[in-house]
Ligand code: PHE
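Have a look below at one chain only, the form predicted alone, in structure tokens format.
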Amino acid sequence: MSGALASPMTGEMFELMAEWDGIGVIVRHDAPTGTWIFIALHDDTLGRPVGGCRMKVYERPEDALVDALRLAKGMTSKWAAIDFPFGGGKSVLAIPHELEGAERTGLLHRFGALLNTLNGTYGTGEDMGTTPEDMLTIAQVTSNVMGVEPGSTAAIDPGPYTALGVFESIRSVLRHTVGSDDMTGKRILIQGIGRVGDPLARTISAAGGQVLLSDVDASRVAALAEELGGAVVPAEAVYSTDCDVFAPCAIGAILSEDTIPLLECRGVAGSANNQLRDDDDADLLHGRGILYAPDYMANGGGAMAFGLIFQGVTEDEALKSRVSTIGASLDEIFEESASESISPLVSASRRVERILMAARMPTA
């Protein structure tokens, strides 16, 4: 166990929470594994906070808390942008090393037991570092897991639904940059070939697009590129590679004053959460004429599908049909952005605030 992750809460952690505008943060240290557990509850205007569970090795627990706070706030925007009755929340399990077998199961069971103490205040689901199988493990001790029916032996994978939403977002970007959403011959660069990047690449390829793929797993990305007739892009060349649309589907905070000047694309639409290092980076993209699909809208397909399932919609075609409307929603954002010469993030933020304000208005 690293000394950093075993250290007690620091003043920096309290400062981070003091500067945050959310409801609050539940913090627990899991002694058997040395894991710091953060459950960030941002907003419950539309309903109980719901958001995925991220499991990751962090250099410091403070970094995990930053992730939890940013991701929870992003979930508030995501649920509001798609007008679903949930609030923003997120959980982060800051593990000291990769966990497997009984050690992983024990942590997930204890995390589920912690959720039970919140009496339904927060619902979790899959996120980076966790799997549908992990959700089944958590669901063995709590009902507060999205995408797992009580007593089920199978969990729903949100990846394909998220990928569909990103695909429709890319089509919207193309409509507003080149005048057509026909994928034929379009170069789409996908950063991260995981549970979303893989099905996204397959969907784009099937639609006639040319996929450019980048991933830290060299063998995996090479195999997929060969299968789809795509090309592999080295990590160091991602930002400077010419393409029609750049789709970040890995880690967040990758669009910044350092990387945006390097971009050689017409637009950005991907599944990664918090793609902008700072909100001001949306203005940098806008200034360069690069159309940015706000991440919490582009990557909302998985959340939308789980929300629909929670409401009783379970038929796959019905779920896909609703997720496909993400493209039309982005069309509205892009049209307002163009007509008022503002970044799409400003337009999307307005949409979120309108929905939240309407929900906060007292009823007669």
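A quick note: this is a predicted structure, and the numbers were derived from the prediction, not measured. Throughout, we count residues from 1 along the sequence that is shown.
One more form of this protein, predicted in complex with the ligand, exists but is not displayed; see below.
When contacts are defined as a non-hydrogen atom within 4.5 Å, all of 78, 125 and 273 contact the ligand in the model of the complex. Stretch 43-51 is the contacting one of 43-51, 58-66, 331-339, 316-324, since its residues have non-hydrogen atoms within 4.5 Å of the ligand in the model of the complex. Contact annotation for residue 38: none of its heavy atoms lies within 4.5 Å of the ligand in the model of the complex. The shortest heavy atom separation between residue 297 and the ligand in the model of the complex exceeds 4.5 Å.
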